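Here you get one chain, nothing else, as structure tokens; it is the form predicted on its own.
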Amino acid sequence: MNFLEVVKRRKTTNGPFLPDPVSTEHQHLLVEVAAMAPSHFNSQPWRFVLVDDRHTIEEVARISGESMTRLLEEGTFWKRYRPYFRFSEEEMDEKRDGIHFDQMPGVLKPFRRQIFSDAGQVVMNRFGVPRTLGEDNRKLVAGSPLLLAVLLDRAEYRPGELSGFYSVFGMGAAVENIWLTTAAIGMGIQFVSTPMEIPENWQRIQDLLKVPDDLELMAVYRLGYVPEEQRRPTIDWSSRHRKRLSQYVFRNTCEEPELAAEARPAPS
């Protein structure tokens, strides 16, 4: 693939990876391309932990699954992320953002809006759906051959100061380099996000990784090689839509949306 193809094929892997270990060559490649990212005064504030120890991966998976269950049972997940749920192609085409629940058992499709509501949460709790989804999450993370923890040097990462912004900006560029590289070498990547939404669970992961006081744990990702054909989960979503130019780009001032080439008026 050329570079633009890699950018367009970059995506999050929601499904399982192959059980094959990630080669040391590829592990080192991922963190080496991360180091090529721009950073303020070449400060390179990022640090990484490559985790292939099975016990550690399974413990992170257990914490992640427990976090998912709790977020769903308490309704935190629905309240926090409901604005990003889309339930039809028409809605997705209009908004051009969020995630489209396009994969769901036929019997549930007429009720999908109700499922992701407060009333739906009561029903799901009654039938143990949060526990089921939490266990699915645990298995997904536990089945990953590699985890990658991303940290920032606290000497550079000082929230509330410009240094804090520069550090996060650089970290984002470093992670994007990793993400693009996975697309180029047949790997997948997914953010293990649920533990960081529960402070005490995030602390458990920091303790597990023995994060020192001079570093801040910012994110954990799961990685692995992607099967050629992936069967989609029973309930799944897509997020390939992107906003139109006129929805996020302006010309000269914020008062003039940029138009796609075919929508621009012909020169007089």
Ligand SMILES: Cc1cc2nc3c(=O)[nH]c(=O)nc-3n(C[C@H](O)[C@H](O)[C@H](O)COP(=O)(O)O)c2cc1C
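Numbers for residues come from their place in the sequence shown, where the first is 1. Please read these numbers as outputs of a predicted model, since none were measured by experiment.
What follows is about the form predicted in complex with this ligand, which we do not show.
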Which pick from S239, Q230, Q203, S43 sits with a heavy atom within 4.5 Å of this ligand in the model of the complex? S239
Which of Q103, T76, S193, N125 has a heavy atom within 4.5 Å of this ligand in the model of the complex? S193
Check whether Q247 has any heavy atom within 4.5 Å of a heavy atom of this ligand in the model of the complex, and answer yes or no. no
Quick one: does I99 come within 4.5 Å of this ligand in the model of the complex, counting heavy atoms only? yes
Wondering, does S23 line up within 4.5 Å of this ligand in the model of the complex on heavy atoms? no
Heavy atom of W179 within 4.5 Å of this ligand in the model of the complex: yes
Region of this chain that lies against this ligand in the model of the complex, out of 184-192, 127-135, 144-152, 159-167 [heavy atom, 4.5 Å]: 184-192
